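Quick setup: one chain, the form predicted alone, written in structure tokens, and binding and motion questions come after.
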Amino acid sequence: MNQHKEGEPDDRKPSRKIADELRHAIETGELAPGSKLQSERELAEKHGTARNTARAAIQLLAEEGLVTPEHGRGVFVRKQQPLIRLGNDRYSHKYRGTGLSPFLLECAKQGKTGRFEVLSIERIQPPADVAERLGVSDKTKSVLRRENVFWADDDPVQRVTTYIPWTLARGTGLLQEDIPHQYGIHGVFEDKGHVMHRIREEISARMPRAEEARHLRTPPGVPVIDVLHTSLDQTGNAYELTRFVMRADMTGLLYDVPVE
């Protein structure tokens, strides 16, 4: 909500008034990133309200992702994190010489150490939308699912779930935590005759589900970017589908493509 304009009737709740004033101070730089807010008691005294009103104001700002409460220390203005920017060229062969995956390469550009944690590798019966995009059955265990969390330094940034047709994954290094191929997962696909020719990405934004919030440690009020990525080979067939659930405060997407 914008600052209240002088001369207009002010019917805002007291907690909203306090929140608006603090938000304005944050947006103008009066309260810099990392600054500590006044305590609930101090805010209540300043505005002539009860402490629970001040507490409600702080909660509004926390839900907007502007401040972070730290137990025993106080409430601080959130520092903006450098974004991990993933471009449409991230799968290009020009990066093969680095030996890094797209995510690890982007981390390296920012001086961060990237790593991933494997949550599960399992042959499953896929959800209907996954089966439809991959052209497999949703009645049988027709796909291999790999679930990972990707980290940049000490921050979990993405929860990544990859679905691969079982006919393609069976008997390959895709069943191992560390894929034994110098070009990783995409090297395995290419050895099987599937060269990435085109990608399709369906992008939306939402609030994280409970399990995602736990894995990504999302602060209150921070949404996620949900990217459903489909890889298509030289024949136009889909051979891999990955859902990237990305912390929106730490991740960006960059597309630089010709207009067809």
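Just so you know, these numbers come straight off a predicted model, no measurement behind them. In this text, residue numbers run from 1 along the sequence as written.
There is another form of this protein, the form predicted together with the DNA, and it is not shown here; the text below is about that form.
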is_contact(Gly87, the DNA) in the predicted bound form, heavy atom dist at most 4.5 Å: no
Touches the DNA in the predicted bound form: Ser15 (any heavy atom, 4.5 Å): yes
Contact label in the predicted bound form: Ser39 to the DNA, heavy atom within 4.5 Å: yes
Contact label in the predicted bound form: Gly48 to the DNA, heavy atom within 4.5 Å: yes
Options 48 to 56, 192 to 200, 206 to 214, 22 to 30; stretch whose heavy atom lies within 4.5 Å of the DNA in the predicted bound form: 48 to 56
Single option in Lys141, Arg170, Arg73, Lys79 placed near the DNA in the predicted bound form, where near means a heavy atom within 4.5 Å: Arg73
